[in-house]
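Take a look at this one chain, the form predicted on its own, written out in structure tokens.
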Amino acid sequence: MDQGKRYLLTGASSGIGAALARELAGKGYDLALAARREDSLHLLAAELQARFGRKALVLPLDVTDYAACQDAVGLAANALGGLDGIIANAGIALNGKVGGGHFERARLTLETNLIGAIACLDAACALFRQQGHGHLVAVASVAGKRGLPYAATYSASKAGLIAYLQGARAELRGKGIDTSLILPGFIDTPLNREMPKRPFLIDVERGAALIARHIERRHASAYVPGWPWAILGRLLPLLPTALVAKF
């Protein structure tokens, strides 16, 4: 099986995406960096090229422009001389209480975290089917294992992404295309800094290093960090609603 290191990474301009780009470049990956903030991408690309001597393509991309997701895969493959994997990492967390007049925030969260991720993964998978190899990576969340109060839409978006990649893995079995489902707990990024509680928080550099390791090993599914989330993630669906409501 081809184990090339030319990857398209969405949500690369900050947070987990930017830290993961540094980790992967340090491991010899050439990257197409995709996000909405083009200025941040150019700074990151220059850093990767200077520090690691790797190719780093800048791809301005809003993943809610689904046609642009298709184009981004082709642009990445052309610029990198081929494409071996995609990491669907772009995400937002516009939380609010159910019935609180926040439907537009909910819609945008679903369009970005779920439909945008699927648009990118599907476009890449079409290329991988043609070439007979590839790697689909989806960055979901422990929150996708159970609907959480005041984050119902975020949980729904990540639950949908989990189910999508599980289905893709079954469908692609034996076709030379690997899938990796990444399930982070609380990693210190701007996405969650306003939350009142962030149990078992780890810094973004450690989180990115763990994610990069799972990508390198092409693990089918991985909690980040493994302890304690590998246990808590399995327990979440079993907890009484009264207990979850206290979250």
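Here the structure is a predicted model, which is why all the values come from computation and not from measurement. Just count from 1 along the sequence shown to find any residue number.
Not pictured, yet referred to below: the form predicted in complex with a small molecule.
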{"item": "Interface residue in the model of the complex among 49, 221, 70, 64, criterion: non-hydrogen atom within 4.5 angstroms of the small molecule", "value": "64"}
{"item": "Region of this chain that lies against the small molecule in the model of the complex, out of 49 to 57, 213 to 221, 25 to 33, 182 to 190 [heavy atom, 4.5 Å]", "value": "182 to 190"}
{"item": "4.5 Å heavy atom contact, residue 12 and the small molecule in the model of the complex", "value": "yes"}
{"item": "Exercise: residue 140 in contact with the small molecule in the model of the complex, heavy atom 4.5 Å", "value": "yes"}
{"item": "Proximity of residue 112 to the small molecule in the model of the complex, heavy atoms at 4.5 Å", "value": "yes"}
{"item": "Close approach of residue 154 to the small molecule in the model of the complex, 4.5 Å, heavy atom", "value": "yes"}
